[in-house]
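So this first bit is one chain, no partners, the form predicted on its own, shown in C-alpha cells.
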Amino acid sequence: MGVSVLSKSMPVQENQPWVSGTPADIISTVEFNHTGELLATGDKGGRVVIFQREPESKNAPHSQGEYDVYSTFQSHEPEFDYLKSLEIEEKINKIKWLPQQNAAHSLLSTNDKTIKLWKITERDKRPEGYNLKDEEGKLKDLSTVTSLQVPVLKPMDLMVEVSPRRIFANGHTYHINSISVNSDCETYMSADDLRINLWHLAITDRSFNIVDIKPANMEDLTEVITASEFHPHHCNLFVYSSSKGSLRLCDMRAAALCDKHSKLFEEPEDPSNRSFFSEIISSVSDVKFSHSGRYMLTRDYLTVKVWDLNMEARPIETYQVHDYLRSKLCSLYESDCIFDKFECAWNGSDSVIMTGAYNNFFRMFDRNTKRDVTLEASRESSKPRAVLKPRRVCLGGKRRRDDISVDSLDFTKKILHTAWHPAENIIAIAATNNLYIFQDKVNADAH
C-alpha cells in the first residue's frame, strides 16, 4: 500500500447522536472485529457504539460499503469503591472482539475494574399464534381455548439486541490497562499496573494470576506493566511491556506464575541522549503482535519500534513519530502531555504501521519502501471521497506553503486510538469525540 493514498470513506457528522462536545463523548478505544465488518468504539461515558459495514450496492456491485451505526449500548456505569473511598469511572479502557462461533457476535469491554462479556444478536422474525397467550402476551382463560393452532414466525423490522452474558469483577486491585483474547478462544487475560490475570470465558468468580511484579515493599517499586497481548497463534505465549521500555515474552508452559520471563527485549540506552525525561519517554504505551506472529510493534512517546521475536538485543526497525518535539519535552512535561499513551497498529499484511500524534495528525510508515507520511483527521477535510494531503511539520527556517510550525501544533488535539481493518486498507481514527474512517484510494478506484 502506498502510504500517501488514503481517501476519506466516512467522516462522522456533527449532528449524529454519538458526537457532541461533552467529555463523556471522548472516544477511548477503537476495535475492528476479526472480519472487519463490524467496528466498535468505547467512550469516557461508558458507552459502546458498534458500526456495521453496509453491503455492496446492487446499482454499484463493486462499491465499497460505508460504516453505519449498528447498535449503541451502555456498557459500564460509574461506581464507588466504599472500602477505598474511590470513584470508579465508567470510561471504557479496552474492547476486544471474540472470534465468531455462530450467528451472534461477542465482545469484551472493560473499565478500570470490571470486564463484561456482551452478546450481540439480530432478530427479524417474531412468533405469532400462541395457544395460551393473547396478542399482548397475557395468559388466556383456559376455558376459552377451544382449538389448537401451530404458532408461526412472521417477519418484523430488524432488531439488534445486546445482552450481558458474563461479568468478571473483583479480579484487579489496580486499574486495568489491557485485555487480550487467547487464540484458544476459551481464555483471555487482563492486565493492570502490577498484575496479569488469566480468565476462562465461562467462569466469572475466579481467575489465575500469571504475572505479579508487586514488590513486598511498595517503596521498592521501579516499574509498572503498561500493556499486554497474547500471541496470535501460540496460546501459551504472551508479551507484556513496562514503563521502563522493556518487553517480556512469557511462556505459560514453563510455570504457572510467569514472573520469570522467557525472553527480555530491551534496547540499551545511549548515554549521550540521557536526560531528565529519558525514562518517561521510553515507557512503552502499546504493544501489538504482527498478524504473522513473528514481530512485535511497540510505541513509546517519540518512536514506534518493530522487534523480531528471535532478536532480543535491539529492535530491527525504529521510526521517529514526532522527533521535532524533543526540544519541547519540558513544556510537555509541565502540561502532562508527556504522559499521553499513544496506540499503534499493523495493516493486514504487516507491511505498514500506523500511530497517532498531536494536532490530529497520524503517521504511517511503509516497512518495505521506508517511506512515511503524516496525515490529518479534521473536519476541514472531511468531505466524503476527499483525498488527504500529506502534512509536514517544520522546526524553523524556510517553510513551504502548507507546512505547519512546531510552535503552532495544538496539543489538545491528539490521536491516541487507531485501528486497521484486518484484511483491507481501511483505518479508523479516533480524534477526541470524532470518529474518522478512511480507505485506500487506489483500491476504491480499482473497483
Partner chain sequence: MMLSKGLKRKREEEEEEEVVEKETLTVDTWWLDSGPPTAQAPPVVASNSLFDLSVLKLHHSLRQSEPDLRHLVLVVNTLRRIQASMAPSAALPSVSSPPPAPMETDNLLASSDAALSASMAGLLEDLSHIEGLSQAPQPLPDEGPPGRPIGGAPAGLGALDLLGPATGCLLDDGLEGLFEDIDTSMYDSELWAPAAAEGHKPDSENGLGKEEAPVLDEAELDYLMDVLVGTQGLER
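Positions refer to the first chain, counted from 1. This is a predicted model, so every value here is computed, not measured.
Omitted from view is the form predicted in complex with its partner chain, to which the following refers.
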| query | finding |
| --- | --- |
| Partner proximity in the predicted complex: P271 to its partner chain, non-hydrogen atom cutoff 4.5 Å | yes |
| Contact label in the predicted complex: G171 to its partner chain, heavy atom within 4.5 Å | yes |
| Heavy atom of K116 within 4.5 Å of its partner chain in the predicted complex | no |
| is_contact(E161, its partner chain) in the predicted complex, heavy atom dist at most 4.5 Å | no |
| Partner-contacting position among S278, S351, S262, T72 - heavy atom within 4.5 Å of its partner chain in the predicted complex | S278 |
| Contact residue in the predicted complex, chosen from L139, L86, I167, I316 - any heavy atom within 4.5 Å of its partner chain | L86 |
| Its partner chain in the predicted complex: contacting segment from 117-125, 92-100, 361-369, 240-248, heavy atom within 4.5 Å | 240-248 |
| E37, V152 and D157 all contacting its partner chain in the predicted complex, non-hydrogen atom within 4.5 Å | no |
| Sequence-ordered residues of 193-218 touching its partner chain in the predicted complex, heavy atom within 4.5 Å | D193, L194, R195, D205, R206, S207, F208, N209, D212, K214, A216, N217, M218 |
